[in-house]
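Below you will find one chain, with nothing else, as structure tokens; this is the form predicted alone, and questions on how it binds or moves follow later.
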């Protein structure tokens, strides 16, 4: 399951719009109902308007009425990529401590951590 999800994330790096950083990121988010939502990073010349692949996938899912998630795979043009601080807190809004984050340099060297591990004291109402 993790490798398949990671492959979808790798595919999404090709959709990335990263003219400034050249760091292409893709994400594949598995909802608890089995649906997969994908995303890529989309940079903007104002920089603050840039959105990460992880948040793109979550926004697509939430806009379709999905708010319960199991795991996310993240791939990049530069190898292993972990969610930035904004993405970690954004994901925490919708995910419990056992939500799984997957990344690696390739599908044969995947590493996984839980939400609790990457954001141990995240804020959640």
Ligand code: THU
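All values derive from a computational prediction rather than experimental measurement. Positions refer to the first chain, counted from 1.
In what follows, reference is made to the form predicted in complex with the named molecule, a form of this protein that is not presented.
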_Would you classify residue 84 as touching the named molecule in the predicted complex, given a 4.5 Å non-hydrogen atom cut-off?_
yes
*asked:* Although the partner isn't part of this model, could you tell me whether residue 113 comes within 4.5 Å of the named molecule in the predicted complex, counting any heavy atom of the residue?
replied: no
*Just to confirm, residue 25 within 4.5 Å of the named molecule in the predicted complex by heavy atoms?*
yes
*Do residue 105 and the named molecule share at least one heavy atom pair within 4.5 Å in the predicted complex?*
no
*Which of these residues, 100, 52, 61, 30, gets a heavy atom within 4.5 Å of the named molecule in the predicted complex?*
52
*Within 4.5 Å of the named molecule in the predicted complex, counting heavy atoms only, one of 92-100, 63-71, 76-84, 30-38 shows up; tell me which.*
76-84
